[in-house]
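Only one chain is shown below, in structure tokens, and it's the form predicted on its own.
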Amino acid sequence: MCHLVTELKALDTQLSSWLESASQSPVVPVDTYVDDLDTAWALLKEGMGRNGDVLLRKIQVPACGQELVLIASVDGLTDTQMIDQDIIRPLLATDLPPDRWDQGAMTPIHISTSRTWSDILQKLAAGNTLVFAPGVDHVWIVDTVKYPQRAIERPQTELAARGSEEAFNEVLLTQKTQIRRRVRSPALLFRDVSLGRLQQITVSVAYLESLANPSLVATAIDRLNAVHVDGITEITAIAGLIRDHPRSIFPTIRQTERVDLAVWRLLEGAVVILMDGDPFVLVAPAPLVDFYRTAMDYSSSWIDTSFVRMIRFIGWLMGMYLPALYIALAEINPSILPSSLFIIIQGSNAGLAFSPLVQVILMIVVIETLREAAFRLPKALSTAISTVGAIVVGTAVVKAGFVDPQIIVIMTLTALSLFSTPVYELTATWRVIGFLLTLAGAIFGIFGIVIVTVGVMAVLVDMRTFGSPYFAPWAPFRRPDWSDAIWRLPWTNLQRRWTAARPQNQTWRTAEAPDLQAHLNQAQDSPK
């Protein structure tokens, strides 16, 4: 019995001593990299190394003696020639110790270190090359990223007869380079944000530090940091997550693929959001009138631009109100019409099987079906199906007695007018509101059209885009912004930037700048 007590006391002493030594020894976090190449090799092999495109290679470096160096990369994302010439070849000839390899043993410019496995694996998945060296408690991360990319092409959705023909492509670094090539200023900054818990896609906020409002930049970055998703494949999803009024049918952030348009908005004090993997960028803030300003407006004369903008406004009126007014005057308020026009409208509808409202809805379905078919078909067939389908269907429905010829004319003008909207995402908005106006006109007549119009105006006045009024420069009324709203004044009259982005400097062109005509007059008056 005494012998058993003695053994228990001895075990208790040993246990206390072991616990005391364990408490005094440093605790290494599970995610921390430990200087052990065999463990690193095993972790990579059990993880990403199971993929056939993950390349793991051990080499004998003279500076490390008999110990090996592990190099890991992903085939297809890395420049293999750069790995051979700028990493492996210099390492085989260097005498520097492993903790100083960034000072000459490896020649690439971008070399960093990491001590956490989560960051190490993320860098490997992004296309960097990992160098595991013995005797150091970190991993060398070498930037050898080389993505296959599409060539810079012409814009596909924002065509222009004059001006730049350069569009963004899907590579973020190329997008930044395209902007830097046009804005050669140290004030141009890019703030990168990583989105997606699984995808880890890079989104960048571009702005001019000396011009953009700091609160606007902070708002854009904060909204991006507040996005918590597993992954995002296109920038449209980001726009829906960070824009004001996400459930509104009105877009409050603009998308563009044109480099010149993005640069022009930067020079106005706005921010541009770029995403790796999407050729479109976001521009904020974006008031409603901004969706009617195109890149060609600034490459044409001021009188031509002003005339075209007035045509767009008239086209918007026709596309929104033609069907609604026709139905309201034909069914609810015929007493407003002159007697001759009333007889014509009623006579054309006599003997038809459907009311004007049903005819309009039928034509809306036909037009939308043709538009969708033309969009889905190959480009060589889309033009033919659109033209032939419109002619055949239009003629057939009139001869069959389903639709009045006047409805055909009205709906054709409506479709053409709505398609004149410069920005595509706004076209869908006006189609929905036009349909609501048509229903209101069929139920309540002119009074219903007025009620829907007032309701839409109230919604627009209440909306905001990144802190700026969405319906500016009409509400609130900002007289200086009218110089580049519905019309565009000559360049000599444009002296101030738009106030929508609240830039730090409102002056775009100094008023004291010498006038060209004054120089010409002075040159003519001077003696030869």
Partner chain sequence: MRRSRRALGGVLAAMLALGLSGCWDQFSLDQRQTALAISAKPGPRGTIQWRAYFPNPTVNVSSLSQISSHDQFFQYHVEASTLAAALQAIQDKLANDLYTEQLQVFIVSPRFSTQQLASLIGAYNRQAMLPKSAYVLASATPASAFPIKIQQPPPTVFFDNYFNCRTCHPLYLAMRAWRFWDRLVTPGVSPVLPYSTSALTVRRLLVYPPQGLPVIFGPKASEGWALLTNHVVNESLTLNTQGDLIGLDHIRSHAMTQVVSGRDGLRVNVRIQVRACLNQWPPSRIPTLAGNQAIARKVSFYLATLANRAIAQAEQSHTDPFGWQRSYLFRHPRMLPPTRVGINAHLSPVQAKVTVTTQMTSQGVSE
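What you see is a predicted model; the values in this text were computed from it and never measured. Positions refer to the first chain, counted from 1.
What comes next is about the form predicted in complex with the partner chain, which does not appear here.
- Among V217, I408, I332, L96, the residue placing a heavy atom within 4.5 Å of the partner chain in the model of the complex is I332.
- Checking I152, M318, I249, I344 against the partner chain in the model of the complex, a heavy atom within 4.5 Å turns up for just one residue: I344.
- For L337, a non-hydrogen atom is located within 4.5 Å of the partner chain in the model of the complex, even though that partner is not displayed.
- Taking the partner from elsewhere, F402 is found to have every heavy atom lying beyond 4.5 Å of the partner chain in the model of the complex.
- Put simply, L288 is far from the partner chain in the model of the complex: not one heavy atom of it is within 4.5 Å.
- Mapping the unseen interface onto this chain, P356 counts among the residues with a heavy atom inside 4.5 Å of the partner chain in the model of the complex.
- Listed stretches are 139-147, 117-125, 439-447, 74-82; the contact stretch with the partner chain in the model of the complex is 439-447, by a heavy atom cutoff of 4.5 Å.
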